[in-house]
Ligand code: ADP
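One chain comes next, on its own, written out as structure tokens in the form predicted alone.
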């Protein structure tokens, strides 16, 4: 059995073609700058050199079709048992499911909560429905990994009727990433209680026990929790009402501020990318430093919360773009946590290992860097879905 995992972005598209028997990757492709006359397309078959092409990529249909045409050089379209997606949010739907019209309608019902993600996935799914009309399309929703969060952790202090009527509660996201980290930390360090820090353009922290999430920083939408590159993170709801009244903002205008003008970008005023932020800090930019320290403080706060909820932790893991690649950020987060038994080894940390421990030998809690692999989790779940359909 072979599975194609599709990973759509707002102006990019990536895919991996898996042999489900041994989970080896047979083909990968990346399309960048969709909608641009100077697009970049690269693909690679297992055991072969990567091919990089520069050409116009007019739209998403063209981008996906381009990758399928390359795939057909060595495999037939009929070999694709299913196309898997790391879908985000849908009203009343979670787990690994076939992306029927009913599920797409449920995604649209919760579009307001994750508009950027939902629009991208709905577009990609519609393209695949046209290009591969008989191939099953399957989505693993990011909320699934958080299914065991207890009611006291997911409830909000609103009238219970609103929870029942509209499903207003914490759901959590980055499920495939946190699930992989939990599995890998168990494999590497026999860690049962793990605090997973997925830090990048989109960021969240997750408390994992016995392989499943028991709490996470994101809530009903991906906008809450940690600051994100451009998304707001935790915010007093009455501060939001105050801003809307004083600035005379509509719901749409407010949503635009919360999702595209806030977070790291909002505080720094220049960028939501940690690479830019750290570079500006070196030049003495105070607002970039404030954004950096605010983000690190939020992560530290959630680690402390989850140390309490887990009653201690076996391992704290940093993953995703900034988590894996910024020793400066990791040092800022872990600083002054020695009374909790968390000690960083600066030499190990700044050697920036691709995977491995960065904690001191006498640290009671292991601290590690582990690269995430969301596509692997999606592929495994899609295979399981097909086998038990």
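In this text, all values refer to a predicted model and were calculated from it rather than measured experimentally. Residue numbers count along the first chain shown, from 1.
The protein also exists as the form predicted in complex with the ligand; that form is not presented, and the subsequent description refers to it.
Of the candidate stretches 295-303, 93-101, 127-135, 194-202, only 194-202 has residues whose heavy atoms lie within 4.5 Å of the ligand in the model of the complex. Relative to the ligand in the model of the complex, residues 273, 321 and 325 are all within 4.5 Å by at least one heavy atom.
Taking the partner from elsewhere, residue 234 is found to have every heavy atom lying beyond 4.5 Å of the ligand in the model of the complex. In the model of the complex, at least one heavy atom of residue 278 sits within 4.5 Å of the ligand.
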